[in-house]
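A single chain comes next, written as structure tokens; it is the form predicted on its own.
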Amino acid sequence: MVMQGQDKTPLLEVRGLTKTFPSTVALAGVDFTLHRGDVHVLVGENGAGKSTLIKVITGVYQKDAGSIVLDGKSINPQSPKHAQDLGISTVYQEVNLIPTLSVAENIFLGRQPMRFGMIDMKTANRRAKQLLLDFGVDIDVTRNLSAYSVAIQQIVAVVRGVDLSAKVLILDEPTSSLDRPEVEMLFSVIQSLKQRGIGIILITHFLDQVYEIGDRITVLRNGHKVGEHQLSELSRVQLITEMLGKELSHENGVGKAKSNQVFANPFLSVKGFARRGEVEPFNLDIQPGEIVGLAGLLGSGRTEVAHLIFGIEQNDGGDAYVNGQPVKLSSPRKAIQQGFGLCPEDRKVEGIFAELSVRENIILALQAKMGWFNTLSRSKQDALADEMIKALSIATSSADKPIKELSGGNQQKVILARWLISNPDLLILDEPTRGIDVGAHAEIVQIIKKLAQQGKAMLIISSELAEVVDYSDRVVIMRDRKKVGELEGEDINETTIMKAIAAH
């Protein structure tokens, strides 16, 4: 909480901030106020405008309209260096320091104390040691930064930022790779910064941490400010409502009718799967013919769960079973051999091979499953591509057309086709309808339902709650890297999902 007697006059005021890129309004008249000694949390889903707001404040982008006032004086940062000179520093999620230099060298990089024309490392080490001790951190500052944990590296970056600019400190997802003891260490440093009257802008997706360390909060959505609140006066349900743009009904809502399908034994069962700093231990069963929705806010751990199951990331503990038999999901190749398929969230970066044709993109998974020494003939490739183009109504003039020339919805269909011809038993879809038009959206949802009817086990991640309610037989709720609940049958509706996400 704010210190008793803390000066509450605004430290940083943003009024009517607007930033437009070609065909996109990233910020539309956004207001933002930061007070001395406050942790002001900035939240919003993908595309909300958080990063753009920070980049304008720190001079990475130039504003199109609006004003920025720091300590009562109008400013217009032209670069991050200019912003630092004015008193605004940023510590990013990926620590922007040099791991092969010592802690002291990193803290004073570019402004080392000098003596007789040479760098005075004795003074640098002494001053760095004292700066860290002021925040309760006692380490050997002569050791390379790489010798220390991510948490210590974050704190070193914070200390450098404070020593550079002692007014405003922006922390961008500082706890994303930290476990609980490390989070507590960083929060202790943040409390010390508050005592000094430094204003802190914190960007985070962790709901529990928002209420643990924050004083005020601003919610952005689609480039607009939708709310600013004292956190002590804001319920979690109201926060989720503003972030998602969904109003909770006063009634329970219309639940999903219970499925008449009787599921057999689980196709996939994972017990205690976890990855340090990404996902806490979770259990999950998926039956043949069952659609399991994975719901939660951005950063809740949904995609990380998919990556662990598909072997993209290695789990630190736990066991996996396919049809009751223990398996090692140590790589995507192993997952594919077990009958898994994954359509990733970022199809342009992780899904499609832009320069290859529609045909080549479709046959990739099957070719990998068969092995590169057992090559599919060209006639077989053409037959499979034509079959999938017709089955999924992929709008393309030719199977040999480069996939980069297709619309987003048709690219998504090609990725689905890729896995369908490999005949997976489990299909993981991460945001399958994001960024596609309404018609393609409806078609993808129908394809999902049809695949389940054919006996495929489906794990689907989506930010669209109405969509999750529509097709899910069961919904797993994620929050702050943890599985926090499950809903099924008539309990599945938008209201219960939002309340489960917000529950403390």
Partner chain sequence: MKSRFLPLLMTFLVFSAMYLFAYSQFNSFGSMRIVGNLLRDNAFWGIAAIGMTFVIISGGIDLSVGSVIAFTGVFCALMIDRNGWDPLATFTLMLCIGTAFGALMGVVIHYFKIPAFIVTLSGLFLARGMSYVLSTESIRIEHPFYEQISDLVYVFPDRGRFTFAAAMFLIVLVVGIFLAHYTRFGRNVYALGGNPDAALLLGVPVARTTIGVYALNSFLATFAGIVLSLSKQSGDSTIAVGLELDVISAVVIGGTLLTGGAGYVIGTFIAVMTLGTIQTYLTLDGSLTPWWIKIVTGFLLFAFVGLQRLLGSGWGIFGVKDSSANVPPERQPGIQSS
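Think of the rigid core as the biggest set of C-alphas that the two forms share within 1.5 Å after superposition. Numbering follows the first chain given and starts at 1. Predicted model only: the values in this text are computed from it and were never measured.
Below: the form predicted in complex with the partner chain, not depicted.
Engineer: Could you tell me if Gly299 has a non-hydrogen atom within 4.5 Å of the partner chain in the model of the complex?
Structural biologist: The answer is yes: Gly299 has a heavy atom within 4.5 Å of the partner chain.
Engineer: Asp319 near the partner chain in the model of the complex, any heavy atom under 4.5 Å?
Structural biologist: Judged by the heavy-atom cut-off of 4.5 Å, Asp319 is well away from the partner chain in the model of the complex.
Engineer: Please run the contact check for Gln230 against the partner chain in the model of the complex: heavy atoms, 4.5 angstroms, yes or no?
Structural biologist: It does not: once the partner chain is placed as it appears in the model of the complex, Gln230 has no heavy atom within 4.5 Å of it.
Engineer: Check whether Leu406 has any heavy atom within 4.5 Å of a heavy atom of the partner chain in the model of the complex, and answer yes or no.
Structural biologist: Answer no; every heavy atom of Leu406 is more than 4.5 Å from the partner chain in the model of the complex.
Engineer: So which of Gln381, Thr396, Ser102, Thr241 reaches within 4.5 angstroms of the partner chain in the model of the complex, heavy atom to heavy atom?
Structural biologist: Going through each option in turn, the one that passes is Ser102.
Engineer: Let me know the one among Val183, Val210, Val150, Leu131 whose heavy atoms come within 4.5 Å of the partner chain in the model of the complex, would you?
Structural biologist: Contact with the partner chain in the model of the complex is made by Val150 alone.
Engineer: Select, from the options 304 to 312, 334 to 342, 408 to 416, 280 to 288, the stretch whose residues sit within 4.5 angstroms of the partner chain in the model of the complex by heavy atom distance.
Structural biologist: This holds for exactly one stretch, 304 to 312.
Engineer: What residues, if any, in 134 to 172 have a non-hydrogen atom within 4.5 angstroms of the partner chain in the model of the complex?
Structural biologist: Residues within 4.5 Å: Asp140, Thr142, Arg143, Asn144, Ser146, Ala147, Tyr148, Val150, Gln153, Arg160.
Engineer: Given a superposition on the rigid core, I'd like a yes or no on whether Gly277 shifts its C-alpha by 2 Å or more between this form and the one not shown.
Structural biologist: Gly277: C-alpha displaced by 2 Å or more between this form and the one not shown.
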